[in-house]
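Just the one chain here, the form predicted on its own, laid out as structure tokens.
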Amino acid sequence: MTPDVQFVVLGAGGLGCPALLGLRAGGARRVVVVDHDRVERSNLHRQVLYDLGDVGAPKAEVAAATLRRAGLEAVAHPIKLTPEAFGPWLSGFEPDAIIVECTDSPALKFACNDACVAQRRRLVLGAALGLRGHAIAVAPGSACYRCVFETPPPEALTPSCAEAGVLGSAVGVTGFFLAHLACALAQGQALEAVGRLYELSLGSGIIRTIGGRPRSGCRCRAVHPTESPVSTTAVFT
């Protein structure tokens, strides 16, 4: 791992905690942890960076402190992000930073995708619910999140983890998979993976891929109309 690569992890909950641990295992040295929420007792089984003594404390600060004790350069941003202000906020980070989106907000995921595409940033994005997860790595010239999901789903069709349930190990596997993609991007080894949505069916143990090429009419093609897509050969089938 190149030691000066900066990883910006959005969300330090069920996905963000294993993603941060996976980045550490992958050799990351510089991490920014972004989360406005506080540690809750009911989430401890899947938010594995925290324990009972952390209940009520800001997640970003606790997670960053834990990573610093492990030798990483970790900075906490205990702020609430909004889709409307996301682009200007993101522009304050290093141009080659890798964004790892681990929030539970569909609107924020699409805002993050759009901002990263517009600013030519590398992005890894994912979600998990029940026994299923999905993940995608996006780089300049590749297909993006909107190439697979054109718009955020209606709120009525996006139940929370509390409503639909989620297995702690499912978000753990998905979070580590996000970290794997992010580390591969940092090392320049993800050309065959970028632009493909990986569907993790954790009940059956099957990984499927969707997409691979920029969708006609997607805004990512409007932003980079003359750029040739990167390699889109499937890694998993």
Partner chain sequence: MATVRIPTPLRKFTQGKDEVTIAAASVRELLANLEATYPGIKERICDETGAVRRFVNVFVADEDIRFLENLDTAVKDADEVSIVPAIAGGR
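Residue numbers count along the first chain shown, from 1. This one's a predicted model, so the numbers in the text were calculated from it and none came from an experiment.
The next section is about a form of this same protein that is not shown, the form predicted together with the partner chain.
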One stretch from 83 to 91, 68 to 76, 113 to 121, 127 to 135 that, in the predicted complex, holds residues within 4.5 Å of the partner chain by heavy atom: 127 to 135
Touches the partner chain in the predicted complex: R46 (any heavy atom, 4.5 Å): yes
Close approach of C147 to the partner chain in the predicted complex, 4.5 Å, heavy atom: yes
In the predicted complex, E199 touching the partner chain (heavy atom, 4.5 Å): yes
Heavy atom of P214 within 4.5 Å of the partner chain in the predicted complex: yes
In the predicted complex, residues of 103 to 117 near the partner chain [heavy atom within 4.5 Å]: T103, D104, P106, K109
